[in-house]
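The data below hold one chain only, encoded as structure tokens and taken in the form predicted on its own.
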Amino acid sequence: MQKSFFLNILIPEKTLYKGSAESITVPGEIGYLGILAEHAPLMTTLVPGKIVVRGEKDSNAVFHSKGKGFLEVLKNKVTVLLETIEEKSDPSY
């Protein structure tokens, strides 16, 4: 059983995702980053691109960021702040 962490994905208008996740892949300035439970503390900027959240029980959510953003990892909690996003669900990923 894979460990999980608490994840918030926010844009100015609303919360896009709030809950447990097993992993998240985000577009960083120098390439894609993968975050798992118990990741070391991290703060980084994000660029436009595909964000993939693997939730519990193999549920997936895919978001397409259209602007810049930030990601913070601290004490098994991940927060993603984005300018704007297009939400897409892709169960085949």
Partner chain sequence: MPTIKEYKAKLKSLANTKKMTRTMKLVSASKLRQIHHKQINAKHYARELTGLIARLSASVDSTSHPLLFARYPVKKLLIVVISSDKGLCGGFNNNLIKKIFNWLKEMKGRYEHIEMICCGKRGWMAFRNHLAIKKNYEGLATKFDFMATRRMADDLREAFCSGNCDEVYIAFNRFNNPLSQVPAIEKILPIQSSELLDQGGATASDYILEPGQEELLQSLVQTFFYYKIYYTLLENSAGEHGARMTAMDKATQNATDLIAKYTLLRNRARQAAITKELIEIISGAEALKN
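Positions refer to the first chain, counted from 1. What you see is a predicted model, and the numbers here were worked out from it, not measured in a lab.
What follows is about the form predicted in complex with its partner chain, which we do not show.
Under a 4.5 angstroms non-hydrogen atom cutoff, its partner chain in the predicted complex lacks residue 47 among its neighbouring residues.
Remark: residue 8 counts among the residues lining its partner chain in the predicted complex, judged by a heavy atom distance of 4.5 Å or less.
Not displayed here, its partner chain is approached by residue 79 to within 4.5 Å at the level of heavy atoms in the predicted complex. Although the partner is absent here, residue 24 sits far enough away that none of its heavy atoms falls within 4.5 Å of its partner chain in the predicted complex. Against its partner chain in the predicted complex, the set 14, 42 and 84 is in full contact: each member has a heavy atom within 4.5 Å.
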